[in-house]
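Taking the form predicted on its own, here's one chain by itself in structure tokens.
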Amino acid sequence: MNSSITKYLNTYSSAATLAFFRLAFGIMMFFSLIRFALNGWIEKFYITPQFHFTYYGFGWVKPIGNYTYLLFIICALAAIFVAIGYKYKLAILTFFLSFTYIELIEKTTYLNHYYFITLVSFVLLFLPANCYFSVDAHQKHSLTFEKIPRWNIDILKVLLAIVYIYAGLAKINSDWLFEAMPLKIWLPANSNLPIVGSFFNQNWLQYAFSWIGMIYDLTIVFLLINKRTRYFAFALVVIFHVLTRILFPIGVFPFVMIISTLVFFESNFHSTVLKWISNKLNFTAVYFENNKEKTPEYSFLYKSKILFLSCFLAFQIVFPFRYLLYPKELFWTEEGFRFSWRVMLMEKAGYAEFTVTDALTKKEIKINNSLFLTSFQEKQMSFQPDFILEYAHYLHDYYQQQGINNPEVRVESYVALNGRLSQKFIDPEINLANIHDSFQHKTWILPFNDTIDGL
């Protein structure tokens, strides 16, 4: 093993940082799940729809009806157990599996921060996050360590860096920087805000927000890493995410990012917070201060874990660039768009009218989408090609069961992107029932009659 790598792997950090992150992550996830339930979204997104859009390769993940409430309860309880570090390995595994299953049930609910939560919970499976300030460590002294290998904390920082930097790189495009799109569409919707509302209609502010957003995403990680600029950077994090929370309906993402960036702080900060919590709960934290180091044994299992996580990080770095393998405009085709940290980059609106034709009699049926989809599903389907294809196959199977001979499914669709006039989206001559989804380029998407330059 390279000597510099060996030296790094033998560098230690305070376990208080990882314990703080575990506690904060678990609490955030618990309240996020409670919020989701209280807003009635479990029924709206997972129970009410008669048809669910699935991710390619995960069609085997099926909705479970009213048992979805039980799945959310299990996930929320697991989040609490993660927070307090009780039966931690089982708790984080349960959280990861239940949360991921929930996300895989319905593709219309995809959000970048849900994907981030899935990745973080997966990585936490491999980290000794219960070795400090946890019920597990309190119950079993042999689990207690005050210092852990530094990479256990750095891997979380790398995941956060990927989110920010890739979001910044994605903003380096002509629509965002030179047209202030889609902020020109979104910001005026907040013109009713007191005092500052009128400014959102002004071009200079829309361009300023676009450029500042790009610069913020590209630089904030480096400012957080630097001890001299860290507090200033965190103030920017709070201002930026609170502002985005006020202006845009993006759920808990701002709070997840604010709390997560605290992992960049010195361990003294995390120790102070944990001691304050222990004092409030009349719980002594001295028990965990034994100055023990969790010295790894370079066994085959440990080396395999290091190798696996290294490959995992390499994949996360490379995977967002898969869009380069596809021709045509990314924002138009969305091939390689998901899971690439392209946060709030475009405003799309679509219209899709499907026609089912009997292959023998040539009888045509115009489809009323509201008979099969919720309004939210229909909106998301109308401008995303893989949604359109999956829905077309559902219509084929449905009408075949109704006695239609080998149903042919075609769509008349139009999409407007970032304020442009709507353009025809899908080739209306193509029988979508004969097209099967894959990672190959979707040739049945019509060309985009414009150019968006950028990364």
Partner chain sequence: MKKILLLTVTICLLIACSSGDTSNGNGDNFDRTAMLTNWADNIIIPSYTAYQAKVQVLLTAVATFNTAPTETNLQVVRSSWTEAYKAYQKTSQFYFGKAMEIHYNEKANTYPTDIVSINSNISSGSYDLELLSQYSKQGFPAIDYLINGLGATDANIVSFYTTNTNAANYKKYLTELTTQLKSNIDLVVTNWNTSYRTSYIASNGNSVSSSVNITTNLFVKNLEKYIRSGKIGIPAGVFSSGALFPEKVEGLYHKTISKELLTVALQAEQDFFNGKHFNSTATGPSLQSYLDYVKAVRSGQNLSTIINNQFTAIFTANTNLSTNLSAQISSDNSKMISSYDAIQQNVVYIKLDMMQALNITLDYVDSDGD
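Numbering follows the first chain given and starts at 1. Computed from a predicted structure; not experimentally measured.
There is another form of the same protein, the form predicted in complex with the partner chain; it is not shown, and what comes next is about it.
Should E412 be classed as touching the partner chain in the predicted bound form when contacts are defined as heavy atoms within 4.5 Å?
Yes, E412 is a contact residue.
Does W211 reach the partner chain in the predicted bound form, with heavy atoms at most 4.5 Å apart?
The answer is no: W211 has no heavy atom within 4.5 Å of the partner chain.
is_contact(R35, the partner chain) in the predicted bound form, heavy atom dist at most 4.5 Å
Yes, R35 lies within 4.5 Å of the partner chain in the predicted bound form.
Does L119 reach the partner chain in the predicted bound form, with heavy atoms at most 4.5 Å apart?
No - in the predicted bound form, heavy atoms of L119 and the partner chain never come within 4.5 Å of each other.
Stretch from 77-85, 371-379, 165-173, 126-134 whose residues place a heavy atom within 4.5 Å of the partner chain in the predicted bound form:
Of the options given, it is 371-379.
By the heavy atom within 4.5 Å rule, which residue out of L262, L236, A359, L309 makes contact with the partner chain in the predicted bound form?
It is L262.
Just one of Q316, S278, N190, T219 has a heavy atom within 4.5 Å of the partner chain in the predicted bound form. Which one?
Spelling it out, the residue with a heavy atom inside the cut-off is N190.
Decide if the three candidate residues N112, I258 and V273 all line the partner chain in the predicted bound form, where lining means a heavy atom within 4.5 Å.
All of them do, each having a heavy atom within 4.5 Å of the partner.
Residues of 304-325 having any heavy atom within 4.5 Å of the partner chain in the predicted bound form, listed in sequence order
The stretch 304-325, when checked against the partner chain in the predicted bound form, contributes no residue at the 4.5 Å heavy-atom cut-off.
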